[in-house]
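What follows is a pair of forms of the same protein chain, given separately as structure tokens and numbered structure 1 and structure 2.
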Structure 1
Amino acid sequence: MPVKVIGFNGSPRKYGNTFKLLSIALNSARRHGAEVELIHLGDLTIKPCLGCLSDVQEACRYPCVIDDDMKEIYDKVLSANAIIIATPIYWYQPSGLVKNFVDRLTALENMIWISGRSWVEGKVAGVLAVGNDSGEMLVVSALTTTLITMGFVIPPFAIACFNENRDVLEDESTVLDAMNVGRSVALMAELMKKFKAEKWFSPDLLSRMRDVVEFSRRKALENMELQRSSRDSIVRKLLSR
């Protein structure tokens, strides 16, 4: 059974550079054995996150309390092996469509504190960012960091960026990057499908490894004593100037 890759277009324009790169990435994933689906976030009603976990940690869970199209998207993400998020760059950040979508994925990630595991842990992700001006690295950095923290796996070469006011299809370097996003996501999804690991994030690790904390505290104090004289000497020289 082939791996499933879902691409999310975070642009309200279904014909622009964001769509074009996502289409290329998904078709490359298909060529490398994946079953693919493209979803336009602009067609959906995805309301902003209510921040329930800030009141009660366990209140943020699947299914989310908000009644909107995210209910269907949750199930699609859960059934997929990988996702590719494509976003235009709006003032050095992803679009509001993408921000709401990613924020709402917290209901799957926060299942760590309900079931002991993030429900997106081990799924694969790639990111595409497109704009007419600068900000692309801020966008992909923010998104990839968030996705990794949620439990997604970001494979090598799984990002592509473009920040020029012209047709991206004329830029072969970026087109190649997008093709490799699709390829790397599909290949990693296949690997993760075969790789049966224990859960990556362990919510009870601290209670089982208290001795590691004490070891760190003790060694830091020992090192401070060893370095105290030399550090004090540096401070005295600075103060005497």
Structure 2
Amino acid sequence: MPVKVIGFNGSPRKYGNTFKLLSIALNSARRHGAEVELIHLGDLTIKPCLGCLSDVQEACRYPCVIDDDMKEIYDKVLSANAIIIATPIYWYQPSGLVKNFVDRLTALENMIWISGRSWVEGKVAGVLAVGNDSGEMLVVSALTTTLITMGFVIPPFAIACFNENRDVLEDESTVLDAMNVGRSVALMAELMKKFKAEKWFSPDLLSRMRDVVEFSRRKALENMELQRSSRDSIVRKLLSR
């Protein structure tokens, strides 16, 4: 059975550079064996997150209390092996559309507090950011870090950006990057599927904590002994000024 890759178009425009790059990445994922689907976030109603977990950590869970189109999206994400988020760059950040989508994904990630496992753990992700101007890496870095912390894998080169005020399809280098995002995401999704993963985040490691902390403390003390006289003399010199 093929892996499933879903692409999310975070631009309200379905014909611009964001869409174009995403369609290229998905096309490439399909060529490398994946089943693909493209969803326009702009077609959906996705209300802002209510921040329930700040009231009670365990309150935030699947399905979210808000009754809107995220309901369907949660199930699509759960059924996918990989996602590709394509966002326009609005003020050096993802669009508000994408931000609300990401905020609401918390209902899957926060299941770690209820079922002991982030429900997106081990899925694969890629990111595309497209603007006329600048800010693409601020967008990409915030998104990839979020995805990693939620439990996604980011495979090699699974990032493509464009920040010029012209048709991205004329830019061979960016088109190639987007094709490689689709390919890398599809390959890694295959790999993750074959790998019968036990959990990627293991709370059980807590059982070894005492030993680990002791080991680290001892090593740090040994190092402190070695550096102490040189570091102390620096501080003394400074404090005497």
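Heads up, when I say rigid core I mean the largest set of C-alphas that superpose within 1.5 Å between the two forms. Worth saying up front: this structure is predicted, and the values here are computed from it rather than measured. Quick note, the numbers are simply positions in structure 1, starting from 1.
**Student:** Choose the one of the two that is the form predicted together with a further copy of the same chain.
**Tutor:** The form predicted together with a further copy of the same chain is the one given as structure 2; the other form is structure 1.
**Student:** Could you check whether the CA atom of E214 moves 2 Å or more between structures 1 and 2, using the rigid core for the fit?
**Tutor:** Yes; E214 is a residue whose C-alpha shifts (by 2 Å or more) between structures 1 and 2 when the cores are overlaid.
**Student:** Relative to the superposed rigid core, does E172 relocate between structures 1 and 2 - that is, does its Cα move 2 Å or more?
**Tutor:** Stays below the 2 Å threshold, so no.
**Student:** Answer yes if the Cα of R228 shifts by 2 angstroms or more between structures 1 and 2 on a rigid-core superposition, and no otherwise.
**Tutor:** Where the cores coincide, R228 still shows a C-alpha shift between structures 1 and 2 that is 2 Å or more.
**Student:** Where the rigid core has been superposed, how far does the Cα of D204 end up moving between structures 1 and 2, given in Å?
**Tutor:** It moves 5.3 Å at the C-alpha.
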